[in-house]
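Starting off, we have a lone chain in the form predicted alone, written out as structure tokens.
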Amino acid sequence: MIYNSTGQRQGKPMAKTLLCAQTLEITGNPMREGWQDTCRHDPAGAVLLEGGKIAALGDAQGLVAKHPEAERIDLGEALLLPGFIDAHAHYAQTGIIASWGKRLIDWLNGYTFPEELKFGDPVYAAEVAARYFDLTLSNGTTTVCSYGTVHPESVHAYFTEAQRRGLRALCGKTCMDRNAPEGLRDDAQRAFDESAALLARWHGVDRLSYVITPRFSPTSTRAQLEALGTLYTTFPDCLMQTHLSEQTDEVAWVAELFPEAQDYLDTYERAGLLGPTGLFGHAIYLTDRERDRLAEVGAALVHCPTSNTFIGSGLFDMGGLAGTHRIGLATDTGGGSSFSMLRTMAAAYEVAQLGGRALHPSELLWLATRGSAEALHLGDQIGTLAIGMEADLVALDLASTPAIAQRTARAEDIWEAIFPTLMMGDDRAIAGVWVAGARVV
């Protein structure tokens, strides 16, 4: 399916489409194995799309000769990559992105909760969902794992819009039964029942996945966390997403609310919410025990660099965690200050530099594609240029602005050509986006 700028269906993709461009395959984790052994660049490559999947890739000249029937799209010097994957976002905060002057708790009370109260209105929720996917697709993001609000209507709106566009998308009802306004609180039984109903309605339908979603321990009683832990145990193929150790005052608050817990992570583990399909956003102030336990279980940490700096949270320890933990990358909009995964990669580089780790361009691209796919347990379906993978792709113009173009012109290898776009690129660098093999606008 192809959509125009208003989201209306334009048509269907050709039976076969051949995209000719520079290609970059990342076959392994360069953060652990090195880019020399995990990356393959073809300056004259091509990718054949058929039936919504990658049917072939390799040298453009050879694929053109082998598939003369395919519609050929010449993307010139653009770089063809898997579509970007945002592993932690709050689509319902689209309207409050870039709001001034708050830290986490004040951000929730001053901006987030008043906005989320509006999502009991299905019309409003649908409008924001459509706007959100317009923004993410225009920035080359083809998969998002988002929090909804406490309202089931918010999840229905998100999945309905994602389904209409043919997207692979993940979402869950945000569960809270304390320390939130009355209109945003449920209770343990309602959290279980509404989450279970949404899971039954949407999980595994087309390209959609339901995610069990307690916001974080301060807004859930023990009873609610345990109810969601029961749901998580009952449906082990579902992911669970929440927040962990984002700010120091939050960590202190959790210690006051849960004096029996060893640490923040233990509040989830006691409730049955720690498992290999867990997604823990932020994870800045981890104790040694928490680090060891997360690695032992195989849960994913999701790095949200623009959010961590924008609301003054702190610096994720990429250097200390990348070699031992599963890590995804995310905008965390609207606490994060950009819908762009390019801007998010730039922020991840800057944060890592402050910690003494200069991330290689291949490592940044890994985090935004296959790394996030593996965090979401979707690495066998998206995130890599490989035969049989779903054809969610982005083409990057590596000379999209005069500032980037003049720097790229001096590049001596592909990494020097890519890096300026990762640091300075925005939606102008997005030369094309494909969802399930169909080009979208």
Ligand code: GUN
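Numbers for residues come from their place in the sequence shown, where the first is 1. All of these numbers come straight from a predicted model, not from anything done at the bench.
Just so it is clear, the following notes concern the form predicted together with this ligand, a form of the same protein that is not shown.
- In plain terms, the part of the chain that comes close to this ligand in the predicted complex, with a heavy atom within 4.5 Å, is 90-98 out of 137-145, 90-98, 314-322, 356-364.
- Judged against this ligand in the predicted complex with a 4.5 angstroms heavy atom cut-off, the residues Lys173, Trp202 and Cys238 are out of contact without exception.
- The closest heavy atom approach of His151 to this ligand in the predicted complex falls outside 4.5 Å.
- At least one heavy atom of Ser307 is located within 4.5 Å of this ligand in the predicted complex.
- Taking non-hydrogen atoms only, Phe216 approaches this ligand to within 4.5 angstroms in the predicted complex.
- Remark: Val351 does not count among the residues lining this ligand in the predicted complex, judged by a heavy atom distance of 4.5 Å or less.
- Exactly one listed residue, out of Tyr285, Trp107, Phe133, Tyr232, brings a non-hydrogen atom to within 4.5 Å of this ligand in the predicted complex: Trp107.
- No residues of 182-213 lie near this ligand in the predicted complex, the criterion being any heavy atom within 4.5 Å.
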